[in-house]
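Have a look below at one chain only, the form predicted on its own, in C-alpha cells format.
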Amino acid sequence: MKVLCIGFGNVARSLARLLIKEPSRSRFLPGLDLQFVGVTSASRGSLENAQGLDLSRALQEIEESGRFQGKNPDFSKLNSLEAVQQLDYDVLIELSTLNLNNKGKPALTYMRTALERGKHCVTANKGPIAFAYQELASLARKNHSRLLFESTVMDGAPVFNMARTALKGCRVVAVEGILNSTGNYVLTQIEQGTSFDEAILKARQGGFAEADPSHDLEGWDAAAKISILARVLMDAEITPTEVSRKGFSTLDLNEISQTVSAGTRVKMVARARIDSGKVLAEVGPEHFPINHPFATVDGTGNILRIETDLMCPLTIRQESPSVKDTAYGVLNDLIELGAGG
C-alpha cells in the first residue's frame, strides 16, 4: 500500500518507530507492505517520493532538528492539501492536530478530498469523525474506500473493531465512560493532595497534557469522543458543540480530596443515551461510590461501558495508555486494510 501521512507529531513518529524498529515482534507485520510516498506537516516541512521515501531518515531528522531538512533528497514544497490532491497513494493517514474550533478542518477537507479520489482513510484525528462521520462514511461507500478511525477514542483500544465484528445485530442504546486521560489524571492527583497547578505541571511533564489543557479540563475532548461514539455506534448526528458540557470550572477543587474519605470519588464522565427516540449526550463531573467500576479508574486510565438491546452491558477498561497505544490503533487499521478487511 502506498501511504500519504498528514502530520508527523507524536503519534506519527511512534507509528514510524513501530514500523521501522519492531516489525519482527508481530506475526502480522511481515505481511504488511507499506510504502510511504509522502509525509507533510504544517510546521516541520514535507517529503515526497513516488518510489518510497526514507522513513528512517525522516524520523531521525525530526528527532535531531525538529523538521525535515532541505538537503534531504525527498524534501518537497507541497503543502498537505496539494499532497492529498496530487500524489499517487492508496491510503491517507490523517494525523494532523485536532481543530474543534474550525469543526474538524482542515483535516476534514483532507479526508473528504482523499475519499472523493477513491483513497482509503485512516485517522486518529477526532475532529472529522466527530463533525462529519456520516458524510465521510457515505463518501467511502460511494467510492469503494474504507474509513477507519480506531484511535479516535480510547487510544487504540478495540472499541469500533469490537462493535463492527462482535456486536452484529445489536442496537447500542447507551454508552458512558471516562474518556479523557488528562482530566482523570488531574483529579487523581488532587485527591492525593497535589495542588491543581502542580497536577497540570506533572501532566505536561508526562507528555499527555497540552501547553493549554483547557480542551481536556473543560470537557471538549470528551465531548468530541462521545460525539464519535454516538455517531458511529448509535447513528446520531450530534456534534461536540451540541453535547451538554460541564468542566473543571464547575468543580470545587478544595472538596475533591475530601470525597474519598466520605466514600465517593469524583470522575468526569461522558454519556450518550436514547431519550424519547433522540440521542442525547453530556459530559460532566459525577460522584461514584468507592467500589463502582468508574471510581476504580486512576491516573490516565479510561473506561467505556456499552449497553445494547440484546446483551448485558459490556465494559472496556484501559490502564495507563500512552502514545504507543494510539499508534498501534492506527497500525491495526492499516493491518485491516492490508488484509482486505
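Just so we're clear, the structure is a prediction, and the values are computed from it rather than from any experiment. Counting begins at 1, following the sequence as shown.
Another form, the form predicted together with another copy of the chain, is not on view; read the next lines as being about it.
Remark: of stretches 221-229, 149-157, 88-96, 182-190, the one touching another copy of the chain in the model of the complex is 149-157 (heavy atom within 4.5 Å). For the candidate set Ile290, Ala42, Leu280, Ala50, a heavy atom within 4.5 Å of another copy of the chain in the model of the complex is found for exactly one residue, namely Ile290. Just one of Leu253, Leu201, Leu167, Leu78 comes within 4.5 Å of another copy of the chain in the model of the complex, counting any heavy atom, and that one is Leu167. Met162 belongs to the set of residues with a heavy atom inside 4.5 Å of another copy of the chain in the model of the complex. In the model of the complex, another copy of the chain sits beyond 4.5 Å of every heavy atom of Lys103. Using a 4.5 Å cutoff between non-hydrogen atoms, Leu18 counts as a contact of another copy of the chain in the model of the complex.
At a distance threshold of 4.5 angstroms between non-hydrogen atoms, Asp309 is in contact with another copy of the chain in the model of the complex.
The candidate site formed by Ile316, Pro321 and Asn332 is fully in contact with another copy of the chain in the model of the complex, as each residue has a non-hydrogen atom within 4.5 angstroms of it.
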